[in-house]
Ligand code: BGC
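Take a look at this single chain, the form predicted on its own, given in structure tokens.
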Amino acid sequence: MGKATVVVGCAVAVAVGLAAAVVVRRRMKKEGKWGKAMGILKEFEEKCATPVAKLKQVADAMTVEMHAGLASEGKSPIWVFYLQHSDEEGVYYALDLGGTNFRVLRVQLGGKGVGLVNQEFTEASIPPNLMTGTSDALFEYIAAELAKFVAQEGPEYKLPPGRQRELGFTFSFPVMQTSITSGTLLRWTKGFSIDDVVGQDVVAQLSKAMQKLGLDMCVSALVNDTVGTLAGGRYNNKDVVAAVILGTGSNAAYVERAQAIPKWHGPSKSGDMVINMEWGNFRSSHLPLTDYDHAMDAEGLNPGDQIYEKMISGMYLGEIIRRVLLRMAVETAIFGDTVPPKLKEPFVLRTPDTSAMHHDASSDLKVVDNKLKEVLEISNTSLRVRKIIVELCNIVATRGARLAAAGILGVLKKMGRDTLKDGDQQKTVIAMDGGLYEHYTEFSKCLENTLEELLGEDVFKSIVIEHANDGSGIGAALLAASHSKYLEDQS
């Protein structure tokens, strides 16, 4: 009896020991995978690092590219515009196409000493199928929204007989501008890919669509969102010398002296010209690109193009985070033994989602938990997994914001406004617009803090960053007014 008891006791002890060993092994395996996840995070953080020395190298490279762009016909195109004089009068329209949404605006100008009297707008989304469809489908959809807006006008906006409505067309994609009212699309960005528009005059495409719908309107100025923002900002504040868009995409424009543009052979009414930089296509060996950036670029619609934009703009920040999370899910089972199917979908994680998670201040990161369920269909995450996701959002946003600040420093250096001269009291106002800058608080705070870090406290005090809400659309309408074919009739 005693012998049997001993055998049973030993068997139980062995079973308990084996069970304990399994638990320990599982825990060790789990901790090993967790350690690997943390290793992926740490490696990514190191690759994304933006120390001040690197940022200054990026700024210097940007300045060099700006000089080259002004001098060489073979470099990226520049758009050159006269600045309006604030004495235009009448009703003008703007169509602002810069990404997945577009706006239609109407502005009423009161003439000298009065300025902007009234403005109204409507907004519409572009259906995803039209972003990769045909030229006719896209422009006829846009023209229909424009016609609908005009059809709802009251009698006070009726124009004299024989006079057409005039439109400023904000088209925020790389274009080779051939005149104030014509420009050939070089390539699409921001998720658009409509082959039969590339190489075509975008004003002609819009005009054809408006004519087909019987809309009596002509394009008086083709601009992009950055030029429009600068023109709109400068209309109210003559200290505005640059504009930066940080939204779905990114670009910058600044005021340059006409004599500083070797490849400009035309006249300048004021001596000051607006230069569109197309800085989204800037690239430099100093940019801290990771394997995730390279893969996203190679698999995208425009490989090799818009490298800087892909690091700093709202279209891409969420996608970079998704790619890191996917690697963690595959290699470390951070979300369980099965990789969540949604996590495999490119661009499913949008920057508004990552912004919401980054700003989550709750102790249990409830916003992160909800976003994972809503967007990626991932449930039951632990707090430490949610903390990793917040840290990923921080790494990507910080890199983007600091690189954007470096670009602004490059522009300031080109204009000679990165230092203070004795007795110089000038203010340098930069008009900023775009949903990323406006709504992603951690991003915009980091950008401004980095700019102060790069310039120093004293110089930074002379810099004013002004949010120019709807600036691009209003600016396009103002440029339509200043380039109106009826200007002589008003004088």
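A residue's number is simply how far along the shown sequence it sits, counting from 1. None of the values given here were measured: they were computed from a predicted structure.
Not pictured, yet referred to below: the form predicted in complex with the named molecule.
- Option touching the named molecule, based on a heavy atom within 4.5 Å in the predicted complex, out of Gly400, Gly249, Gly168, Gly407: By the 4.5 Å criterion, the partner-contacting residue is Gly249.
- Message: Using a 4.5 Å heavy atom cut-off, which residue among Tyr254, Phe149, Phe102, Phe173 comes into contact with the named molecule in the predicted complex?
- Response: Residue within 4.5 Å of the partner: Phe173.
- Item | Stretch in contact in the predicted complex with the named molecule, which is absent here, among 342-350, 198-206, 220-228, 235-243 (heavy atoms within 4.5 Å) | Flagged stretch: 220-228.
- Query: Is Glu309 one of the residues lying within 4.5 Å of the named molecule in the predicted complex, judged by heavy atom distances?
  - Reply: Yes.
- Message: My question is simply whether Arg417 lines the interface with the named molecule in the predicted complex - judged by any non-hydrogen atom within 4.5 Å.
- Response: Arg417: no, not in contact with the named molecule in the predicted complex.
- Decide whether Thr189 counts as a contact residue for the named molecule in the predicted complex under a heavy atom distance cut-off of 4.5 Å. Yes - in the predicted complex, heavy atoms of Thr189 and the named molecule come within 4.5 Å of each other.
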